[in-house]
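What follows is a single chain, given as structure tokens, in the form predicted alone.
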Amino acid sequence: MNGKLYGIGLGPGDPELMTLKAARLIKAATCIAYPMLETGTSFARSIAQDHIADGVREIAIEIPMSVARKPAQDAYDKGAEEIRAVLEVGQDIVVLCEGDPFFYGSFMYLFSRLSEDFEVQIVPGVNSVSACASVVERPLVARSEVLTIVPATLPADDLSEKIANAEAIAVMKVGRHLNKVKDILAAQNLMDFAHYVERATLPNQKAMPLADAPDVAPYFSMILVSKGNDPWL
């Protein structure tokens, strides 16, 4: 009998924002897997570390930081095969995923490779958009507003169009695209409605009006914009 695959959402970074279910499954795990940078660090593992028992087998899936898709796809192929080997001998495995597994989560790539052959359970996590809204103390949407979530990695023209047509916006994956997003929001007279957050819920988090944001942003940063079309005050 095959083992069961668990995709565990860990939340945005603060270990106390992990769900009780996630913590329970991690504590009980005999084998865990997680994405790891080429530097040897794993944000996902660092969130869960206090719940990982001694002697647990660990599978670190090294994900190259490259704009090309093939290196990452090759890494997920290799990781999926390592996980498959564990499941095929009847052992359950817990895969750690920062945020939520199905919200820009790395787990989706493993899921697509393994879900047809093995039983899978997804444990949702607090997503970064909700976390950032809590940090800046601004509702994401009110009443009949519509929230649009866009990655800053889009070409400038596409990103500008989506922002122009949106009511409330969360711009994710800001990083090196910060100044591009600033220029777009300034051109649309939205700077006064925009808030910047980096490393939400972590000890070194920063939050401020976008106009006061630095010129360089880390990958884990976000811009929230509410145009105030449906005011909540």
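One rule holds for the numbers: they count along the sequence shown, beginning at 1. If you're wondering where the values come from, they're calculated on a predicted model, not measured in any experiment.
There is another form of this protein, the form predicted in complex with a further copy of the same chain, and it is not shown here; the text below is about that form.
- Under a 4.5 angstroms non-hydrogen atom cutoff, a further copy of the same chain in the model of the complex has residue 16 among its neighbouring residues.
- In the model of the complex, none of the heavy atoms of residue 91 sits within 4.5 Å of a heavy atom of a further copy of the same chain.
- Using a 4.5 Å cutoff between non-hydrogen atoms, residue 138 counts as a contact of a further copy of the same chain in the model of the complex.
- A residue is said to contact a partner when one of its heavy atoms sits within 4.5 Å of a partner heavy atom; residue 149 meets this definition for a further copy of the same chain in the model of the complex.
- Looking at 27-48, no residue comes within 4.5 Å of a further copy of the same chain in the model of the complex, counting any heavy atom.
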